[in-house]
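First, one chain by itself in structure tokens, the form predicted alone.
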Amino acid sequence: MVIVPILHVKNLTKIFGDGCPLCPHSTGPEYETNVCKHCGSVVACSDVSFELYPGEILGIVGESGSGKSTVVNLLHFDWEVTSGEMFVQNTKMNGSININEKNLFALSSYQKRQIRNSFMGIVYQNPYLGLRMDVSSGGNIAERLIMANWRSIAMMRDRASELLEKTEIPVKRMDEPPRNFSGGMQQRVQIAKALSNNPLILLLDEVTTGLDVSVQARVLDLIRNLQREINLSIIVVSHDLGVIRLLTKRTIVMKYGRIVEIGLTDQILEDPQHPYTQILVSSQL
């Protein structure tokens, strides 16, 4: 039986600056820079291609400046791409509009918002990017439900209660703002909010960075349990190989905006092929 990818990304490229024809040929791992010496533009990622399969947890790993978080921001339509294509399979937007075989990056801003609200969820490294800190936790979840065309206040409160309980936030604190919570609890509220629209794809960008080790472990256990329960497809961005090892089955390694290695996580961590991956793995042993 052939398994069809739920997401297919082709030649994803993002350049900050005017760019020039020489940008792709003067940046990347072989040049040890992502800044074009000819025009000064920053090539955040270039020609990034990969697939995400149903129920898969895919890791993207690399040091700071590798382009891994840029990829997630582009997939979530937070930033406009310079070039590239993204396709989803077996998906209908809002239950009626078929977007199969359409390049999602080429759609209108309105359609992109619809897509993001219909089947994507994201958890940012900084919870201040994903939450309104002065709005109640339940209100944060309700805000996303409203964007997904929910209208009943009672149903939204029930859904918020269900998700907060699932992410181990005391339901009695539903009406408290996230600014009253610890960093770990704020991340769990973000996860609850991201799951509220039953997304097919969840994007996690350095979700454990800055958290205490014990809190990290609880957040990672929560993600694993939710993935098994809901059968989500997840992209996990991290510089921490421990997180990548624990969560993912397949991993992409990036450096200076390019993919340098891709394969099964265990294989990459046990027998890395690219010199950069070898250094990355040995530095975290």
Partner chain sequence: MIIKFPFIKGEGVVTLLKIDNLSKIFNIHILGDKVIEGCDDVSFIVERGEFLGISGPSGAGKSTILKCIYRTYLPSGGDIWYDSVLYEQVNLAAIADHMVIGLRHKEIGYVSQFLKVIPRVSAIDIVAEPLLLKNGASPGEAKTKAGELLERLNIPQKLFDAYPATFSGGEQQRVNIARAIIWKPRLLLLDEPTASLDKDSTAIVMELLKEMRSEGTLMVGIFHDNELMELMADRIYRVNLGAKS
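Since the model is a prediction, treat every value here as computed from it, not as a measurement. Residue numbers count along the first chain shown, from 1.
Although not depicted, the form predicted together with the partner chain is the subject of the following passage.
*Asks:* Flag this candidate site as yes only if Ile3, Asp221 and Pro275 all have a heavy atom within 4.5 Å of the partner chain in the predicted bound form; otherwise mark no.
*Replies:* All of them do, each having a heavy atom within 4.5 Å of the partner.
*Asks:* Would you mind picking out the stretch of 24-32, 37-45, 243-251, 63-71 that comes within 4.5 angstroms of the partner chain in the predicted bound form, counting non-hydrogen atoms?
*Replies:* Careful reading of the contacts points to 243-251.
*Asks:* Looking in the predicted bound form, any heavy atom of Phe50 within 4.5 Å of the partner chain?
*Replies:* No, Phe50 is distant from the partner.
*Asks:* Answer with yes or no whether Asp18 is in contact with the partner chain in the predicted bound form, where contact means some heavy atom within 4.5 Å.
*Replies:* No.
*Asks:* Does any part of Gln267 reach within 4.5 Å of the partner chain in the predicted bound form? Heavy atoms only, please.
*Replies:* Gln267: yes, in contact with the partner chain in the predicted bound form.
*Asks:* Against the partner chain in the predicted bound form, would Ser282 count as a contact residue? Criterion: heavy atoms within 4.5 Å.
*Replies:* Heavy-atom contact with the partner chain at 4.5 Å: present for Ser282.
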